[in-house]
Structure formats: structure tokens, C-alpha cells
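Below, in C-alpha cells: the form predicted alone, a single chain.
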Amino acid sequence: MQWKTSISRADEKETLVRGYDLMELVENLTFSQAIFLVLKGELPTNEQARMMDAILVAPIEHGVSVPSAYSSRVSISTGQPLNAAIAAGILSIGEYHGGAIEQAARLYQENSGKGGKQIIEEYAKAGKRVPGYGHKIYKESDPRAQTLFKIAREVKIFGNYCKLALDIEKEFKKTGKPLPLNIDGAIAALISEMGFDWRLGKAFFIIPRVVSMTAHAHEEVTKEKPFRRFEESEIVYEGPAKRELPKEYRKK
């Protein structure tokens, strides 16, 4: 069986990554530039490298209360190794936590010829939520999204995908139920501007958030007692009151 890949080749003489010698990359590339190369297949321009840096920093940390952070902490508190704790955190990333980047990027890439109003109407008709908009904490504006777009304008990466993202936000404001463009939507627009396929969307959340999970897991195992669990006072039982088992089910 053959495995075909255009990503790398490694033997006793050299390791090529997308055609470039790995040792040369080690001496010359930043980590974010190397990530761009491995994912995209080409080296980034200076402007793309600056944008990539910002994209990878923006979601790197957002508190202990988010699923990827506390899942990692709970896992390592039970005696699991670091890799298992990080895996637990990654497995908590889904449609409602980190997954909207992929969904929003798909929306932008597959609807680039449409306007925000049309997209909102189509999603509403289908009974679907438009990904990349709204946030539990940031009700009016997500500062992370705003900062990313500010940088995008500075490095001239702000294009039609970003304009579409903001047009959708503008149309939401007209409905009387404003849903601001959040960090997921902003990153989705920006990776689309740089030519990344929407199927890579979650990677732009997972890669930086692994750093966060590592920090949280390490803090948990070095500063807290083992076995993180809910306190009884935090649990609300909503089941039936105590009841007797019917006679026909009893063995004695």
C-alpha cells in the first residue's frame, strides 16, 4: 500500500517540508510562518505572516470557565498524563466551542457573491443559526474581532470576505437583535482571505488553544488537590423522590 503526500519527506540525509529543507526552516522561520507553510503549502508574505501571528494569538486564552480549559484540568486532576488532559480539552471543541470558525469560513467561501441580508434570510428559512456571530460576554462588539480586522486593514488583507462578514453584522443590527461579529467569524473571514480551505477552520482554534490547555493542566496538577469534582452544593437533583422497587423486581 502506498501513502501519497505532498507535505514532507524524511530520510537519513534530509527532511523536506513542502519542498524546503527543515534545517533551513529552523534557522529562518518563526513558528507561525512554519504553520502557514505546512497548512497552506507555500511560504507567507510578510503581510500574511503578521496576520497569521495575530490570528494565532487572539484565541490563545479566554479563561478557566471555557470547556477546553476545564476539561483539561478535570482530566489531569484524576491522574491522567498531560497528553490525555490536552486530548480531553481538544475533544471538548465542537459546534458551540471553537467550531464556528470552520462553519463561518464555509459560509463565506460558498456564498461570496451574496449579501448579508440574503444570507440571513436563507439561514432563517432553513432554521439554522448563522455561525460566527454573537457572544455570551461581548454583547455589542467582540474586541478580538475588531483588533484582528484593524490589523487586516493595516497589512492590506482586508478584502471581500471581511466585507461580507461585516455586511452580515450590519444586517443583524437592522433586525433589532444585534449579533456582533465574534472572533470565530473574524478568523474565518481572514483565513478565507489568505486562501485557506474552510475545512482547516478548527485548526486555527485548536493550535493556539493547546497552549492554553497545557497551562491550565499544569496549573491544576501543581497547585490544586487531585480529583476535581462538583461540590454537592452545586448539584440540583430534579429526579423523582425516593420510591419503592416493585415486588416483581425483587429477588428476595
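Rigid core here is just the name for the largest C-alpha set that superposes within 1.5 Å across the two forms. All residue numbers are counted from 1 along the displayed sequence. Computed from a predicted model, the values in this text were never measured in an experiment.
Just so you know, the form predicted together with another copy of the chain exists too; it's not on screen, but the next bit is about it.
Looking at heavy atoms inside 4.5 Å, which stretch does another copy of the chain contact in the predicted complex, given the options 172 to 180, 108 to 116, 158 to 166, 94 to 102? In short, 94 to 102.
Decide whether A152 counts as a contact residue for another copy of the chain in the predicted complex under a heavy atom distance cut-off of 4.5 Å. Contact check for A152: no, nothing within 4.5 Å of another copy of the chain in the predicted complex.
Would Y138 count as touching another copy of the chain in the predicted complex under a 4.5 Å heavy atom rule? Residue-level check for Y138: yes, a contact with another copy of the chain.
For E219, is any heavy atom within 4.5 Å of another copy of the chain in the predicted complex, or not? Heavy-atom contact with another copy of the chain at 4.5 Å: present for E219.
Would S192 show up as a contact with another copy of the chain in the predicted complex if we use heavy atoms at 4.5 Å? Contact with another copy of the chain, no.
Heavy atom within 4.5 Å of another copy of the chain in the predicted complex - qualifying residues of 219 to 240: Read in sequence order, the residues that approach another copy of the chain (within 4.5 Å, in the predicted complex) are E219, E220, V221, T222, E224, P226, F227, R228, R229, F230, E232, E234, I235, V236, Y237, E238, G239, P240.
Core-aligned C-alpha movement of E238 between the shown form and the other one, 2 Å or more: Yes; E238 is a residue whose C-alpha shifts (by 2 Å or more) between the shown form and the other one when the cores are overlaid.
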